[in-house]
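For reference, the chain that follows is the form predicted on its own, supplied as structure tokens.
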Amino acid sequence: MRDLSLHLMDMIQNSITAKATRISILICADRESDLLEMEVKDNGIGMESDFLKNVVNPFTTTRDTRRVGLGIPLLEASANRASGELKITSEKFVGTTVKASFKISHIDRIPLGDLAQTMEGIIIARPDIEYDLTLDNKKERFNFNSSDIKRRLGEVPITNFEVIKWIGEYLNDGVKTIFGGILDEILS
């Protein structure tokens, strides 16, 4: 995958497939420790311990349409190439946490990508799920929670074009504020 937002989309899709109703996303860039961490935590059905042990194997998948699942192995490869790692914890009927880390300054760290567009697409596809996104740089935090937005909207659907447009702008502002001077890839 060419950027972290696409890895994020894949992890969120895995959570949706696992019947999650709440998905928490944390992206933290710590300039002092030169570490970028991306975590997706869900309340889905979780994984059996045997499946969890082999989940980084591309031939371990729950898909019926094909016998190969590349999302998790590709995320692990991206993390390893950037002197990071992938950790996955899961408990059956409780949920799963996927955490990937990357050295920010590593030449092979893939860029963040268009996080706002990824979140817009996910919200449009599955507006019934609660998404909680936190962006952190160890000095400031930005939070977006889809349930809070829905409460404020009242009868207006979160998938309304103007609402989605506003969400994208709001998330882009959050990315620029939190990561603009750290990841050195945010456009003005």
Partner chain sequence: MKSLAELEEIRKKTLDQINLRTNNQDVRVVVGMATCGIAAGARPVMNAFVEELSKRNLSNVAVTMTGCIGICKLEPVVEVIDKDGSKVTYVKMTPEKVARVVAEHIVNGRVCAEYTIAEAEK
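Positions refer to the first chain, counted from 1. Predicted model only: the values in this text are computed from it and were never measured.
Beyond the structure shown, there is the form predicted together with the partner chain, which is absent from this document and is the topic of what follows.
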Legend entry - Any non-hydrogen atom of residue 114 within 4.5 angstroms of the partner chain in the predicted complex: yes
Legend entry - 4.5 Å heavy atom contact, residue 121 to the partner chain in the predicted complex: yes
Inset, instruction - Examine residue 71 and determine whether its closest non-hydrogen atom to the partner chain in the predicted complex is within 4.5 angstroms. - result: yes
Legend entry - 4.5 Å heavy atom contact, residue 160 to the partner chain in the predicted complex: yes
Inset, instruction - Identify which of 149, 47, 26, 35 has a heavy atom within 4.5 Å of the partner chain in the predicted complex; exactly one of them does. - result: 149
Inset, instruction - Between 9-30 and the partner chain in the predicted complex, list the residues on our side with a heavy atom within 4.5 Å. - result: 9, 10, 13, 16
